[in-house]
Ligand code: BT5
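Heads up, the chain below is alone and in the form predicted on its own; it's given as C-alpha cells.
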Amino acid sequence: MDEKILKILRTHRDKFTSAEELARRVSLSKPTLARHISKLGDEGYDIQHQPHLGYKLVGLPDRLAASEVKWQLNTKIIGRKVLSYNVVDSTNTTAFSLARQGAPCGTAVFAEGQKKGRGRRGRGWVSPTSKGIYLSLVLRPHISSNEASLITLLAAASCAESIRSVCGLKALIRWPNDILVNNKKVCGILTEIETEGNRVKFIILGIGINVERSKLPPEAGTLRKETKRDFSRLDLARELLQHLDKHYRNFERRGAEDLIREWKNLSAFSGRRVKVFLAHKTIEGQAQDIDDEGALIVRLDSGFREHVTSADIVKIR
C-alpha cells in the first residue's frame, strides 16, 4: 500500500494531490491514508500536507530503498529484482545464498551497512551505515570459469563511468578491481563464483563505494571529499545499475572486445611502470595491456611479458 501511495505522489511531484483523490485511488479511508503518510514520514519521506490542497512529495530519504532504486530504472537485466536491507553481515553472503535458491540473473542486493564486509584476499571492507553504496549482484553469464575475471573488468568500467557522470570526477581503474580518484581508492570490487565443471553456474559481483568519511582507514578516499558537486547516493546507485546493464548486455551479445577497449580508456596504469606483488614474488615492469581473459600484461626489463591473473599492484612512475 505504501508503494501505491508513493507511486502516485512521485508521478505528481510538481503539485498537491487531494486527500480525497489519493484515498480513492488507493482504496483507503482518509484516516487510514493519514496513518500511512505518517509512517512514510517516519521512514524519511518528506511529504507536505495542506488541509485544503492535500499531499505533495518534496523530499526522499537518504536510503537506498528498493522502491526508490527501481523507480524509473530503465534496465533490461541488472536490477530487474532489487532487494534492500538495513544492515547485513555482507551483501555478497546474502546474494550468494539467494543465488543458490535460484535468484534470477540481475538480482541486486543493497544494504545501508555491513557488519562483515569483505574485500579481496580475505581483507575486510569497512561499511559505515548510510555512508556508502554496498551492492552485490547475482549474475549468470554463459562463460567458462577462465573468463570470470572479465566480470571484474566490466564492473570496474561501470563504476568509473558512473562516478564520472554523477560526481564529475576523473575516476580511473587500478587493475584489477579498484577505482581511484586523485590516487585515492574510493571503490572496491569483489567477485565470487560457483562453477559446474568448467562453466560458471553464477557469479556474485560485490561493489563497495565510499561516499562519506566515517570510520574509514586513513588512506581511503571518499567521493564527498573529492568532489565539489552535490549528488545523492540514490542517483549514483541508479547510474551504476544503468552502466552495469549496458556493459553486461553488450558482453553477453558481443563478447569482451568492446569492454576491454573501454577498460583501457579508463586505466590508471596503461604504459606506466608498476610493481606487482604476486603470491610468491614481486616483479617490476611496464603495464602494457590486458589479454582476452582480463589478465594484466606486464613487460619486464628482460623483455619477457608476464600475464598476471591475481596480484596487488602499485604505480612507480
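Note that the structure is predicted; figures quoted are calculated from it, not measured. Numbers for residues come from their place in the sequence shown, where the first is 1.
The same protein also has a form predicted in complex with this ligand, omitted here; what follows describes it.
This chain lacks the partner; the member of G106, G113, P141, G119 within 4.5 angstroms of this ligand in the predicted complex by a non-hydrogen atom is G119. A single residue from the set V82, I207, I163, L153 has any heavy atom within 4.5 angstroms of this ligand in the predicted complex; that residue is I207. The stretch among 214-222, 98-106, 153-161, 241-249 whose residues place heavy atoms within 4.5 Å of this ligand in the predicted complex is 214-222. Residue contact with this ligand in the predicted complex: G168 places no heavy atom within 4.5 Å of it. Mapping the unseen interface onto this chain, E147 falls outside it, with no heavy atom inside 4.5 Å of this ligand in the predicted complex. Contact annotation: T75 falls outside 4.5 Å of this ligand in the predicted complex, judged by heavy atom distances. Though the partner is left out of this view, N177 does reach within 4.5 Å of this ligand in the predicted complex, counting heavy atoms only. Contacts between 178-199 and this ligand, taken as any heavy atom within 4.5 Å in the predicted complex, involve D178, K185, G188, I189, L190.
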